[in-house]
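One chain is shown next in structure tokens, namely the form predicted on its own.
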């Protein structure tokens, strides 16, 4: 096994179980590893520190184990079973009214570079590192045993998440099992899951609990769901008794999917309308009729270099919403940008509120659900931030 030696003092983060080793921490390599290869990491004195996947880039090693162990089929079974047991403990598996949940959340489950979402008996697996891509078949084959038979199909969806320069020629498709129905259930509501061409793994699993919270506030409200994608918030608002629901997304395909999901649950319900239009333009010209607005935009900052412009974007978007929302209205506003921390996001929303001159109270501070755990040693895993605000 190839050995990577760290510079003096650069192993301290590993002693705190942080799972990333950056390129600037590396002193030498016994030889050049292949991208995705498992390497052994030692400190400046040559003492064992970790095992992990090597990758070209600023994060050079993603740590799989801080102990000497074989990274083999048994390793994947153990780690996946640990992840499944946690989901079982928090009560998201084996439910009659919900079969959508995240099984593996990267560093949060000590499997950096790997995401697995479950829809019924199908797991959609996404690799964000070359190492996880190279071991995808071992992982897929371990899933059925690790989940005690709950998973029988694995769809691999990593065309857009793997490093482009790695030249892997990856194509999405089933790597275990085969074609299966693409309708799954979340808290009694049904959704078409577009794992073939949809964003992420086909559905935004991380907003499950926040959608249910919105349902609680929707009765009698005129609801505007911006950046609606599959219409999750819209469907919950309808079940919650909203007077009307308008869904907006710049993607015509997303609007088609939203309409399909509304129809799946509320056939012929004329309370819902959907619009394929730029969100900023729609909101700017919208009438002041909405007393519940959802702002759930895509990540404005995918890296720290885009942070300044992202914060300006969040401020601008929320300022328009504060201007448009009716007196006594409720605003659900989110950021899923990992580069934006919760204090920065709150400051952007605070700035927007101050610009509007409205009196605003925080009702809830929202985050990703329990099946998207944050490794206590890897705070970067806390990516979803949200506020529910009462606007006087």
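All figures in this text were calculated on a predicted structure; none of them were measured in a lab. Residue numbers count along the first chain shown, from 1.
Omitted here: the form predicted in complex with a small molecule. The next part is about that form.
Check your understanding: Using a 4.5 Å cut on heavy atoms, which of 298, 188, 241, 91 is close to the small molecule in the predicted complex?
Key -> Partner contact (heavy atom, 4.5 Å) among the options: 298.
Exercise for review: Report the residue, out of 118, 228, 114, 224, that has at least one non-hydrogen atom within 4.5 angstroms of the small molecule in the predicted complex.
Suggested key: Filtering the options by heavy-atom distance leaves 228.
**Study point:** Contact segment among 97 to 105, 273 to 281, 67 to 75, 141 to 149, judged by heavy atoms lying within 4.5 Å of the small molecule in the predicted complex
**Key:** One stretch meets the cut-off, namely 273 to 281.
**Study point:** Proximity of residue 314 to the small molecule in the predicted complex, heavy atoms at 4.5 Å
**Key:** Result no; residue 314 lies far from the small molecule in the predicted complex.
Practice item. Mark residue 318 yes when one of its heavy atoms lies within 4.5 Å of a heavy atom of the small molecule in the predicted complex, and no otherwise. Key: Judged by the heavy-atom cut-off of 4.5 Å, residue 318 is well away from the small molecule in the predicted complex.
Point to revise | Heavy atom of residue 207 within 4.5 Å of the small molecule in the predicted complex | key: Yes, residue 207 sits close enough to the small molecule in the predicted complex that at least one of its heavy atoms falls within 4.5 Å.
Point to revise | residue 233: touches the small molecule in the predicted complex, heavy atom cutoff 4.5 angstroms | key: Yes - in the predicted complex, heavy atoms of residue 233 and the small molecule come within 4.5 Å of each other.
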